[in-house]
Each structure stands twice: as C-alpha cells, then as structure tokens.
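Below sits a lone chain in structure tokens, taken as the form predicted alone.
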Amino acid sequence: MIQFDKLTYPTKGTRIEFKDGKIQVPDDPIIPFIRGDGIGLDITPAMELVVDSAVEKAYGGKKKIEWFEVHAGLSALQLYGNDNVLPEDTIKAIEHFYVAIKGPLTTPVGGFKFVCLDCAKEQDGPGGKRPEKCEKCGSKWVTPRFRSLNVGLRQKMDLYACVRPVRWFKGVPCPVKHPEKLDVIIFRENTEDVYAGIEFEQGTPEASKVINFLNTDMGKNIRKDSGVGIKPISITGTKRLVRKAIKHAIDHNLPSVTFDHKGNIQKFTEGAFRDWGYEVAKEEFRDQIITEQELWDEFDGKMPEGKVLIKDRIADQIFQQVLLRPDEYSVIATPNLNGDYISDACAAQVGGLGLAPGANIGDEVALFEATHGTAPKYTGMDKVNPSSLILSAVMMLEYMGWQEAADLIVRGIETTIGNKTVTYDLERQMEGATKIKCSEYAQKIVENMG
C-alpha cells in the first residue's frame, strides 16, 4: 500500500490492475477524481450522480465505483499550500489506481499575474509582488497563477495520447447542415511539439544565446528581438501514438486512420510524423491495413473487405475536409498542436465543447477529462452543461469494459436532449426548450436511461 502526504488510502474498494498488458477491473474499483476549478464544483457531482446511477442500473448493485478525491489547481493550493498546484500525492494516486477522471483546471494565459482562490479573479501585484488581498472580493487567498496543469499532468505521467471522440447528438443546435455526418475520434500526441513548453523569452540571455547559435553556427536568420520556441517531434512519440490509433480502428472495426500534418512546410517534424506513421502501419499491421496509394494503384479505388485505410492530409486541408466531406474520416492521428485545433473545430460542428469528452491515455494509466475551461463566472451557480464530463465518464466506463453502463448514459443524454430539457447553453438555441439547472439535467439523464 502506498503512503500519501495528506491523503488517506481508501478503506473501501479494490485497485484496478494490469495483467499481460490487459486491464483487470474489479467489481468495486477505486477511481481517483479531481473535482476541478470553477464550474468543476458543479459538473463533477453531476457526473458522479449519473455514473453511479448507470452502474447501479446496469449491474443491479453487483458493481460499484468507489470514488477517491485527489487534488490539483486551487483545491491543492488550499490543502497543500506553498503554491503546490500539482501535489505528488495526486500523481502517485492516479498512477497507482490507473484510471482517474478530472474536472476543468485553471489555465492562465499570457504574462505573470496572481489569481484569487475564492473568486478566480486574475490581477497584477504591486511591483510584481503578491497582493495582500483580492481586488474583487477581498479574499486573502491570492497566489501566483501557473502554467497549464493539464499539460503538467500529461507530461508527468507520460499520458501521450489525447483521445477525443466527436459525434452529434440529435437535437443539439449546430452551425452545419448535416452534423450527423461527422463521427470521428481524434488521437492527438500529448507530450511533444510546441506543447513541450521549450521556449525562451525575448530579451533574456537564454534567448540571445539560442538565437546567436542558430544564426552563427546553423546559418539561420532569426531577428535578435525574437522569442524562441523549439518544436520536438520524435520517432518514439509518433509511433506509439499512431500505433494506439490504428489499434483502436482495428479493434472497433472503423474504416480509416488519417494522419493530420503540415509536412509540406515542416518536413523534418510534421513530415516525419507522417512518414513514421506509415512505417508503423506497414511494419506492425501489414495484414490489416491498406494505404491510400495502394488502394488506387492495386485495387482501382475499391476498398478490400476487412482492411483499415491509412491516409494522410495536410493540416489546412483537413479543416475543409471535415466540413465538406466529414463522413470520409473516422480516426485522425495528429501531432499535438494540430490536434488541439482540429478537435475543437470538429466539436464546434456538433454543438461545441460542452458536449466534447476527452481522455489522456498512456500505456496503462488513463485520465479522463472535460475538454472545456473552468468558466469561473459561473462557479457555484448550478448552471452549466455537464455533458462533456459525463461523456468523458462514458469513455472511462468503456475503457474499463463496463459498456452496459456506458450505453445507458448515452441513451439518457440522447433522450434528455431530444425532450428539449437542457441547460442554458442549449436552451437559448432550441425553440420550445425548457431550461434546467446542471444538477437537474443530470437527474433527467438518470430518469431517461430506459
């Protein structure tokens, strides 16, 4: 049994394990969860209600999740202090229990500021020093804001695949004519690219040193007043991501995997991602795949039965393709930054991030998450749409092999939206809809499970 600093090891439940690379889920798994900042305080209890109800209904009480709260972001600061936004306890717990879920965490943008733990107000400090109190609410809980915790969690636990399924739920208002044609699952590389965070601020000695080296030793021509970032993409990072994407397509009988890249310009990073992706497909899945070139050269464009089509598209091209020909895409494998763009763009076509689930998955550890932000102005108002986190829990249940419970939740969401009993974000776009609270929406899902 592992030891924690400020957490108590659960007294109920059993640990998930892996045997021969396959997950072994007990009937009472311990699942760590991070409540999240801002609206996480509302949507996480809604998610737990829906999941617990679905598990009870699907298995008649024979299975039950034992929830184990761990901390990151503002709750971690309050418990651990010392600006500790990502405690080692949290990493240890998630790695030990293998499967976890989290609400949204604060991710500041831009230069250095401070954030209030009570109202999430961001503010400058006098002379760059910590303010004595919040300028908005007067709270003394003001701390330096921090870099993305979502990125930190992925990197610390090597959760290299960001997996985001995007589909339409009938009745959800959308900006496109045929949202039902888009049904994709995006595998975004999670640890490299510009998200590795290797950058040097303009005007610093480090930036000058890098620029001088590139200009003098490497023959480049970078302006000396530049900030500099480095974009690493490796064989290791690429192949393990593509391997997981292709395996998912094969396991779920999906028709294609598309590599989304900008290799026409960035030949030695994103172009290499494309080339290494094809290598994995041909070397490890030769009998189960066919490349697009082979399809036309050898089969005159007629897809042979039982094969997964492997193809690639330039990043800017695929933005057009998912709008104009969405039903030609099934699994998309992409470097980090492209994946961020394309997954949000696809989500917008089917109703937005409020209905977009996600997961960060490594070789064994899997962390499921809402894909939207914390929306601090709605904190504690019981107002926002919890569907993203609930659908992330559906992914979690599927990962655990609890498909019956996952299907009940999807059925409940479909019926609830079909009945036009929805939260404010959907109600304002749906004629004749009834606006209900976040907690009421969760209860409706439970009632509509069938």
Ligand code: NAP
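What you are looking at is a predicted structure, and each value in this text was computed from that prediction instead of being measured. A residue's number is simply how far along the shown sequence it sits, counting from 1.
We do not show the form predicted together with the ligand, though everything after this point is about it.
Checking 362, 373, 255, 271 against the ligand in the model of the complex, a heavy atom within 4.5 Å turns up for just one residue: 373.
Contact with the ligand in the model of the complex, judged by any heavy atom within 4.5 Å, is made by just one of 34, 51, 39, 408: 39. Proximity of 416, 444 and 449 to the ligand in the model of the complex is absent: no residue of the three has a non-hydrogen atom within 4.5 angstroms. Residue heavy atoms within 4.5 Å of the ligand in the model of the complex occur in exactly one stretch of 395 to 403, 377 to 385, 64 to 72, 22 to 30, and that stretch is 377 to 385. Heavy atoms of residue 260 never reach within 4.5 Å of the ligand in the model of the complex, leaving it off the interface.
Shown alone here, residue 105 lies within 4.5 Å of the ligand in the model of the complex, counting heavy atoms only.
Looking at residue 428, you'd find a heavy atom of it within 4.5 angstroms of the ligand in the model of the complex.
Contact check for residue 369: a heavy atom falls within 4.5 Å of the ligand in the model of the complex.
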